[in-house]
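A lone chain, given as structure tokens: the form predicted on its own.
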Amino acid sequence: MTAPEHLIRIAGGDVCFPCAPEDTVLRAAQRAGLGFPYECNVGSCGNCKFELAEGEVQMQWAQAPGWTEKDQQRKRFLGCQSRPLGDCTVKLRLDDRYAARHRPQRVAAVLESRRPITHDISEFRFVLDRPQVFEPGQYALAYLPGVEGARAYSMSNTAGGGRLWEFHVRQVPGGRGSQALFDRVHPGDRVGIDGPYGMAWLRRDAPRDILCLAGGSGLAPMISIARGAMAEPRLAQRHLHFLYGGRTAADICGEDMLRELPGWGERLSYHAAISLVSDGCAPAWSGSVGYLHEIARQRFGEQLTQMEIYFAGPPVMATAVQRMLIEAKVPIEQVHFDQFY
């Protein structure tokens, strides 16, 4: 017997939405088409906080970095981690910018195949039980065996018919999510996938050339953006510049995927850089050396203000890129990234 849904009401108005007992307040709002602000969806950023006016919720992850002691004292909770224990009234300001372009749903998916991309990044291809479309650059939440809570991974393909979702995942030492994927999920196994989520999707009508900056498994959403852009008629006159950064030459990847796209060499280019060079570096490296944000500033300079910019990668890289773009006076509405690390 299915447990009854709870009713979540937004204080100060008539807006309300249903929330299944096993769902979170944020994800239920997204499924209802409401603009509940969020970014990471996994408890780290704190952007989905709300104040609980009436009712009770249970935090799935009490140690979530985005939930402080002051929040607890003021009855503020994270939407992505809060499960209702009954009907509730919450205080927050909805924002249409966060309303889902495609309402997320949780589905079962079968791992079709896995292939290595680098020494520590692999591509995982899942076939969903039912179709679900997404925008290039969005991400999903994966529920993996033996792992408490969801893990966020970006899709690397474009939606097509909506049944095939591909992810580029880096094997992180000690990372429970990636270890589960690499060690315990095999072709034919089923996992839960919830999505799509994220705000850094391809702006198909932006009248500017595109710059994609990627590092590590941030490759996935940027490859998705590039694939979507090269197939979009409205962007047929736009150039796309793809910059990828790694620590060593062994970390560099992505060019082969871009070479398969229409426009390669004409309006689609790739440039890689590494930040660490040693005498024993293998394979040898003769390309650019430096941090990705530095390379981007050197190559494009004042042109940055005339570009639509997307980036994804490790937190340190993302922070440095964001700071560089602010210093370069790039309008914030031309910059797109998701904080789900």
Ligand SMILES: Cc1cc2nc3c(=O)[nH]c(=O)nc-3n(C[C@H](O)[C@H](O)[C@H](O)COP(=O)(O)OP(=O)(O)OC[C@H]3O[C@@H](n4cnc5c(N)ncnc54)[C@H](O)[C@@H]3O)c2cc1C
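None of these values were measured; they are calculated from a predicted model. In case it trips you up, residue 1 is the first one in the sequence shown, and so on.
Only in words, not in the display: the form predicted together with the named molecule, which the text now covers.
A.B. asks: In the predicted complex, does Ser154 have a heavy atom within 4.5 Å of the named molecule?
C.D. replies: Residue-level check for Ser154: yes, a contact with the named molecule.
A.B. asks: May I ask you to state whether Met307 is within 4.5 Å of the named molecule in the predicted complex, using heavy atom distances?
C.D. replies: Met307 lies outside the contact set for the named molecule.
A.B. asks: Can you work out whether Gln339 and the named molecule are in contact in the predicted complex, taking contact to mean some heavy atom pair no more than 4.5 Å apart?
C.D. replies: Within the cut-off, so yes.
A.B. asks: Does any heavy atom of Ser44 come within 4.5 Å of a heavy atom of the named molecule in the predicted complex?
C.D. replies: Yes, Ser44 sits close enough to the named molecule in the predicted complex that at least one of its heavy atoms falls within 4.5 Å.
A.B. asks: 167-175, 263-271, 83-91, 235-243: which one contacts the named molecule in the predicted complex at 4.5 Å, heavy atom to heavy atom?
C.D. replies: One stretch meets the cut-off, namely 167-175.
A.B. asks: Cys40, Gly149 and Ala220 - do all three of these have some heavy atom no more than 4.5 Å from the named molecule in the predicted complex?
C.D. replies: Per the other structure, all of Cys40, Gly149 and Ala220 touch the named molecule.
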